[in-house]
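Only one chain is included here, represented as structure tokens and corresponding to the form predicted alone.
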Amino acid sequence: MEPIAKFREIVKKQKAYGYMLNIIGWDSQTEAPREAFARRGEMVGIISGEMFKLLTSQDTIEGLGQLFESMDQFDDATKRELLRAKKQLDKIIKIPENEFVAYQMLLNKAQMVWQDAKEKNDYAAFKGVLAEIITANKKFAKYYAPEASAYNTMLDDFEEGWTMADFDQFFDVLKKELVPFVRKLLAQKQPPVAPFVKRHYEKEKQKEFADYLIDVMQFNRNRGLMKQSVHPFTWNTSPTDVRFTNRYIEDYFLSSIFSAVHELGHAIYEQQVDTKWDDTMLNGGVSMGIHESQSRFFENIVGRSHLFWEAHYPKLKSIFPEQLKDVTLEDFYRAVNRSEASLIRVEADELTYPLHIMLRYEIERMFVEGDLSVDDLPRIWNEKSQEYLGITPKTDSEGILQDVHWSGGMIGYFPTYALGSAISAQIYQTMAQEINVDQAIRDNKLGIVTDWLKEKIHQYGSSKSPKQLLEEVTHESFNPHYYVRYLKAKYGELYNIKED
């Protein structure tokens, strides 16, 4: 068999194992019974072991070696795929099989431990598992690149080509140009939260509006579905099977609206990747930063715009006629764009959101690059919350335990949230020059927008690097100043803040 054909066969088998593990992961976070986790952990261990053997087999190693010797004969997409495959192999082959399998089983357990700890406000019950996850990730990073910074290796897993130096430069721009503006806004006497926001909104009716948004956002129901989970997320195996979850808080209904729009941004991206990449190493969104640019674009630039609610507030009001009977469109628009210091990242407003990310970035950097103990994390978290937001969590559930990421081993993920928000503003700047975005939003024709995104970004999957894709779309490298200008313009108008 030709080396490239053998490589394709190995990738196909890898996809099959990944599919099984993905299905198990989806089930674990949506509807698996509590007592299923011990047995499923055993099964995950077996499947993970088989995947490890496949990825580190002599066939895989020798086949990739042969292909690398003849790289010049392949097109650019295949070259990129082989480079990604080699990167994956290099990361895995240096990890002992028993450690790889044990880590997969650890993550399977950690999900439930974190959920219970968060529910019971019991950080002590989670910190041991967290310590194991951090230790494993630091060890794996050093196996892979012993001379490199461990945190740079982890960052690259989520945002290819990005390092601490890149993120430091980005966050320095925010600290110098945005943080003073945020402090000026937060120093103003804030009006109280509008009473209608905290009224009772039945979960089933919230689901009804979230279901309505599925069609507004042009999500293909034949290729996906929505369920409920503790923490909203998007999952996929291919563009023909893309699923997302939402959560419903009956005394804070705005949460379900904007988490639905956010996750739909992720889901539409995955649905619009060309299926020709399915059995390659180039399927799916290219990076978490680019992925977040899509979800944050729809959640904030579209979903929190006045134009969007001109089109959809009547529908929301028809579902909640009593709760919203005395609420005007202008009242609603100002409520969904109210800015204040808050503790929970996923509930943070658009303006203060990047401060939550800087907090997490700095803590991750400390426990990966330094010797910060898990025992110190709640204290450090609370101190940085006070430093950046001026408020301190009363409980660990609203502080160190609030996010799912570390229980899933996703260290290095958080910075991509702020990066994605900034990229979304840069992409929007280009999009607005090529199509009438405002008119599409006002007329409830978001298909015009999703078609543009498919043509420019989505269809390519991971066949281009994040930096290459952004430059080809916007005709320049990453530029955070669009993001700063967008936020200052929007919130300067809302809060009547003049630049000095």
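Only a predicted model underlies this, so the values are computations on that prediction, with no experimental measurement involved. The first residue of the sequence shown is number 1, and the count goes up from there.
As for the form predicted in complex with a further copy of the same chain, it is not shown, yet the points below apply to it.
Looking at 468-476, 37-45, 455-463, 427-435, the stretch with residues near a further copy of the same chain in the model of the complex, meaning non-hydrogen atoms within 4.5 angstroms, turns out to be 37-45.
Every member of the trio W26, G224 and T240 reaches a further copy of the same chain in the model of the complex with some non-hydrogen atom inside 4.5 Å. Listed residues E50, D451, D443, D59 were compared with a further copy of the same chain in the model of the complex; E50 is the one with a heavy atom within 4.5 Å. In the model of the complex, E132 stays away from a further copy of the same chain, with no heavy atom inside 4.5 Å.
The closest non-hydrogen atom of Y17 lies within 4.5 Å of a further copy of the same chain in the model of the complex. Heavy atoms of D156 never reach within 4.5 Å of a further copy of the same chain in the model of the complex, leaving it off the interface. Proximity of H481 to a further copy of the same chain in the model of the complex falls outside the 4.5 Å heavy atom cutoff. In the model of the complex, not one residue of 468-489 has a heavy atom within 4.5 Å of a further copy of the same chain.
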